[in-house]
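Below you will find one chain, with nothing else, as C-alpha cells; this is the form predicted on its own, and questions on how it binds or moves follow later.
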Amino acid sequence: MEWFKDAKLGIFIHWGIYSVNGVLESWSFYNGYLPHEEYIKQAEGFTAKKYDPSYWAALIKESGAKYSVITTKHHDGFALWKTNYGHFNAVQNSPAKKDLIAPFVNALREQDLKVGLYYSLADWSYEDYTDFTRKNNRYSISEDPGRWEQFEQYNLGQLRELKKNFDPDLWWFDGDWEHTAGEWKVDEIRSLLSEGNSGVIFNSRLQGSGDYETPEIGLPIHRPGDDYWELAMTMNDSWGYQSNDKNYKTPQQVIDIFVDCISKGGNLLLDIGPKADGTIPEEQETILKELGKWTSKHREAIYGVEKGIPYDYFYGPTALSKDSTTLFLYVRDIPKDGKIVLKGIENKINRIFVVGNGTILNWEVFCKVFWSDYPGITYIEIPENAIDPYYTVIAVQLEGGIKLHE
C-alpha cells in the first residue's frame, strides 16, 4: 500500500455511452428516467473519434496525479474493451469499433503512472443478472441458482480478460451492494486477480473485503478509520459528461478539498467525464491544469507526507514529513496582520520557509516563561510577496520528531 499512501492524487474517468446524450450514467434507466431501450441506443453515437489516450495521460500527469482509474464497465454493462463475454461493448456495438482501454493503459504506463481499472459487479443490462431496474427484478438467486451461476461465469470471464490483458495496479469495484460477498464469490475474485501480482490493491467495494476505504462525494469530517482511504469526488455534480451540468467547483474549491484529504492522511480521486467523441470538457481541463500548477510547486508538501496535527495546534490543515521533523502548514488566505499562529509545539524550531518559494520566514514566540513547561505561541510572519494564489505552504523544520504539548 506504500505507493498508494504516498500518491495522494488520482484521476477517475467515467466514460461510456451515457456521455452521448449527457444522461445520469446507468442510473437514468435504472431509476426510470428513460426506457432501457432508449438508453442503449446511445451506443450508436459513441464514436470516440477524437480519443487521444496519450493526451489524456499527459494531462493527468500534468495535474500531479500519480494514478488513474478508468471505468471499464459501468452498471449498464457496456464494456470499453474487446471482450469475448456478453454482446455489449465498444468494439461490436458502437462506431468506435476498437478497444478503448488498452491504449489508455499503455499511455499511463508510458507516463510512469499507476493503472486502476473500475469494474461494476452489477450488470443491469445482462440477461442473466438478477436486477434490471429499481422496480423490476428478473429473478432471485434462490429461485434460479443455475441462472445466477451463468452470470457469475460471465463476470469472472470478463475479470480474467482484464487481468490477462492489463493486470492493473489497482482494482476499483462498484455495485457490490446488491449481493453478498459469498454470492459475488469475492474470495475467488481476489485470488484470481492477485495471482502473480501480490501487491495489487482492491478498494473497499467488495462487501468490505478491500484494502482501503472509499467515501464518495462528501469530504469526511473525520479521518475514516486508522488505515488507508481515498475520497472519490466529481468536479461538478456528475460522474459522466452532462452538458447541462455547469455547477463546476473552482480550482480553489478543488484544492480546498485536496488539502483536507492530505491533512487527514488520505487521497483524492478526482473525476473527469469525457465527451462521447473522447474530448475532455474545457472546464475540466482548466481545473486539471490549475491543480497541476499548485501540485508542481508544492510537491514536497504533498507526496509521501503523513496526516497532520489536530486543529488545536494550528488554525488550518497540516501534514508531516515521514520522519515527522517537518511540519507543513497550509494557509488558504492572506493573514490579516501578516502572521499565522502555531501553538503547543515542544520542539525547538530550526527554520521556517515557504515551500516552492524558498523565502526564509521570521517568527516570534510569546507566552513562554521559565516557570512553566508550556512551549508558548509562535507567530510566523508571511510577507505578501510569498502568498500563493491558492494555498501558501509553510515548512516548519523541527529539531527531532514533533512533540505536541498535552
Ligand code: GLC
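The first residue of the shown sequence is 1; numbering continues from there. Note that the coordinates shown come from a computational prediction; the quantities given were computed from them, not determined experimentally.
One more form of this protein exists, namely the form predicted in complex with alpha-D-glucopyranose (GLC); it is left out here, but the text below deals with it.
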{"property": "Proximity of Tyr118 to alpha-D-glucopyranose (GLC) in the predicted complex, heavy atoms at 4.5 Å", "result": "yes"}
{"property": "Distance check, Trp27 to alpha-D-glucopyranose (GLC) in the predicted complex, heavy atom within 4.5 Å", "result": "yes"}
{"property": "Exercise: Glu290 in contact with alpha-D-glucopyranose (GLC) in the predicted complex, heavy atom 4.5 Å", "result": "no"}
{"property": "Heavy atom of His74 within 4.5 Å of alpha-D-glucopyranose (GLC) in the predicted complex", "result": "yes"}
{"property": "Option touching alpha-D-glucopyranose (GLC), based on a heavy atom within 4.5 Å in the predicted complex, out of Asp131, Glu216, Asp277, Glu283", "result": "Glu216"}
{"property": "Partner-contacting position among Phe258, Trp239, Trp294, Phe104 - heavy atom within 4.5 Å of alpha-D-glucopyranose (GLC) in the predicted complex", "result": "Trp239"}
{"property": "Heavy atom contact within 4.5 Å of alpha-D-glucopyranose (GLC) in the predicted complex, the stretch among 260-268, 145-153, 332-340, 166-174", "result": "166-174"}
{"property": "Residues from 2-21 in contact with alpha-D-glucopyranose (GLC) (non-hydrogen atom within 4.5 Å) in the predicted complex", "result": "Phe12, His14"}
